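One chain is shown next in structure tokens, namely the form predicted alone.
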């Protein structure tokens, strides 16, 4: 049974590898890249919201921190965004601990409100901070040609596609390893019942910070990837509150508290959003958003445990 399961995953990865070769249309590849990025973001949030029971609606703050850190290090010091990506993740961990420690005793909607407030503070700070471009944003100098050092590829989207695929699979791998470890057992205990977990000797504050750190790091890495993909960032594009909400929606839609649920959510909702926006977005009627919202609403009613409930029993 386990062998067949592994074979199934190998086949899916192989299909993902050959996909851009068969479907070499730039827009199709762009949609796939967005699926990988949002899959990574939803999987990161899953550590906090799906397993630890902490509903964070401020993940955009860490996404923006990653995007700005790698971009600034490249623009100011000429440091390759590959290193900037790791640096952004570490800065996001520090920011996550800074907000997580004072809020270590908050529960439910109080914790959610605190994360929203934190994201808004970061948004306002960056919008008014001239060093990071303020409301104008940042745009790194373009490399003369495709460059792995500069993390810039303009002749083809294929490098971004495979990097995005690798980062998403890496996130899934790490989260899966963590959840199956002793730490993961404690995180699930927090999600089930904090009082019971505490009575059994689980250090609530410690494992809250661990879950926040893991989620913050990979969310920031996704932000760094996005900054290099679009080569322009500003507060509305990387610090918007809707991004935080979208991350939660994708994870919940696919099935939070499961490893592959957030990936399924991204696989369905991101193409739906991208194609609806491309077809109806220019009409100014909001039809693309209504279609997106209607699908989420229908699934929430009939499949409250997410798309993954079609395949597994939780």
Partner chain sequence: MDTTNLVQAMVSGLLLGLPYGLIAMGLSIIWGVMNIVNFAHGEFLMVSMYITLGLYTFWHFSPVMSIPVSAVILFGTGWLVYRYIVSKVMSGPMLAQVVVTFGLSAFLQGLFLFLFTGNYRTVKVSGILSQSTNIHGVYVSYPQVIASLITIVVTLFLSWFMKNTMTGRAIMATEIDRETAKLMGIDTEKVNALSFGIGLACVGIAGAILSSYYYISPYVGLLFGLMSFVIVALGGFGSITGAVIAAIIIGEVESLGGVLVGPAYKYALVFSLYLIVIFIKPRGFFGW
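Just so we're clear, the structure is a prediction, and the values are computed from it rather than from any experiment. Positions refer to the first chain, counted from 1.
If you look for the form predicted together with its partner chain, you will not find it shown, but the lines that follow are about it.
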property	result
Among the candidates 236, 108, 144, 78, the residue which, in the predicted bound form, approaches its partner chain to within 4.5 Å (heavy atoms)	108
Partner-contacting position among 116, 86, 174, 209 - heavy atom within 4.5 Å of its partner chain in the predicted bound form	116
One stretch from 166-174, 224-232, 147-155, 240-248 that, in the predicted bound form, holds residues within 4.5 Å of its partner chain by heavy atom	240-248
Residue 125 within 4.5 Å of its partner chain in the predicted bound form, heavy atoms	yes
Interface membership of residue 16, its partner chain in the predicted bound form, 4.5 Å heavy atom rule	no
is_contact(residue 301, its partner chain) in the predicted bound form, heavy atom dist at most 4.5 Å	yes
Interface membership of residue 260, its partner chain in the predicted bound form, 4.5 Å heavy atom rule	no
Heavy atom of each of 11, 30 and 91 within 4.5 Å of its partner chain in the predicted bound form	no
